[in-house]
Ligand code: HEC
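Form predicted alone, single chain, as structure tokens, below.
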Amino acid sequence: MNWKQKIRSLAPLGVAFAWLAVTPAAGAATLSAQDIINTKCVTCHTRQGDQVNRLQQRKTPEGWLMTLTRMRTMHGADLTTEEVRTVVKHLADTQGLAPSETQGARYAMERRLNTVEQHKTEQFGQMCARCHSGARVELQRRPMAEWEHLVHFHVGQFPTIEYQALGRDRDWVNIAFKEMVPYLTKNYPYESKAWTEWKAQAPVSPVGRWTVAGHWPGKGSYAGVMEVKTGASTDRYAVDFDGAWADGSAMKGSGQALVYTGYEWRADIDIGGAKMRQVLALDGDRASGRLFEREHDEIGGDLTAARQGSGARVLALQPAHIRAGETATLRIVGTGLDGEVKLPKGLTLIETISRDQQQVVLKVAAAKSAPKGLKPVSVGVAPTATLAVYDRIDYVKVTPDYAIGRVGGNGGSTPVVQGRFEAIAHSAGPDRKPGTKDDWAIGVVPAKWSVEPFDDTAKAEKDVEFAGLMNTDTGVFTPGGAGPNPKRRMSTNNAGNLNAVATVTEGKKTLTGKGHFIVTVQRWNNPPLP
């Protein structure tokens, strides 16, 4: 297979290792996953007893998709798109990860690409996470022989690995085999109590009505009801969503979902004409994860949900802060919201605007003398939520504090990757000294947005002029077009090294917060796990 054939072979899965498709393609595979493995995988892999050699691994659905896609593109495996989906589903179900084994690394599946990883050891970061995320390693399990195979694969597939940064300054191969393989075997073992116990559990059907709440940087909070119905086959479901943004505008859509490993929810939903993806972890009657645009995964936000009828819960307060001396409309989102609403001391209920089992919308006044801090709000027997009561903003932080955007478009096949920022107000606490243990976050507040050069080099290169445009009201930065720019020195591209600056007016003061923002080139290889 030449390089053009390899690129064309990616097309059925979409561009650059596309996401797991929920809707089956026309002419779906009729062979079972095991039949496909026995007939097509064994053309290269040998058998070991009742197992196929090299399948002694456990991975997420995205991890298995990457493996199967590599078999097609790099080794010419004769697998149709639907056969890939069938085998991925089978392997994720039978050789996946227990929920507890994904904790701390779910950001990779949820496409939170501005996450700054904190590795367990410095050596793990240098040896395993200098070319890809550490989460890609943490979201798989192997016996020692397979971890050794992985080292061999890296040396064979990437023969310069020993001479790249953090490779040529050490005895890379010997460290990989003698130190990293035992480390990985111990910390990410093929056999585990968590997986054994999870396989023994009966999966909980997600069918039912779910209350949903979330927050979307650049647009605000949302809430609604997601109805899940049985689909055409096992673990496939029809999804309808009916909700609204905080400003009252409608947020409605429908689609389909597929559940892997008994809890890994993946849904494709069309909301208001925009094609969205849900990546959630189901936990009985709870679910949490992220909703984002399928073609622009940087555009999206957190999502949490609870099944209606499963008890009293508060999922969110929208907004979750109120200034002393002011009046605000608060939306309490949850399930089983019966009983008395209890507000913090110093807050008075002016009016109940609307109320049902899923949402309580209140008009509330906070006295100037109301106690300041993070205070409880409860509805009946539902566990309390936290409301920030404040009298002043002492400082502002920008989130994310480090982000990457990418040039794109301009006639090319790869779109821009935006930067999306929010201003988080903070109180310095009773001592009014920022940076002490008394500090606490108030929440997201409106800001005016701008960019500035990160350093003198960025200033000299006029990065602010060329790298793109910041929306002054939303904090959304759209990078410039891809390709050489003849207006720049040496006709370089529209990359830039910037600060995203949030400006918040607080009385007679102006508060600013900054986040480091790099605009760089396109990502041509964009796999499901970064």
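Residue numbers here begin at 1 and follow the sequence given. Worth saying up front: this structure is predicted, and the values here are computed from it rather than measured.
Form predicted in complex with this ligand: not shown, discussed below.
- This ligand is not shown here, and in the predicted complex it never comes within 4.5 Å of any heavy atom of residue 402.
- Although the partner is absent here, residue 127 is a contact residue: one of its heavy atoms lies within 4.5 angstroms of this ligand in the predicted complex.
- Under a 4.5 angstroms non-hydrogen atom cutoff, this ligand in the predicted complex lacks residue 89 among its neighbouring residues.
- Contact check for residue 30: no non-hydrogen atom falls within 4.5 Å of this ligand in the predicted complex.
- Of the candidate stretches 501-509, 469-477, 488-496, 34-42, only 34-42 has residues with heavy atoms within 4.5 Å of this ligand in the predicted complex.
- The contact with this ligand in the predicted complex, taken as any heavy atom within 4.5 Å, belongs to 136 out of 313, 136, 420, 215.
- The listed set 132, 209, 275, 363 contains one residue whose heavy atoms approach this ligand in the predicted complex to within 4.5 Å, identified as 132.
- In the predicted complex, this ligand lies within 4.5 angstroms of at least one heavy atom of each of the following residues of 76-109: 76, 77, 79, 87, 91, in sequence order.
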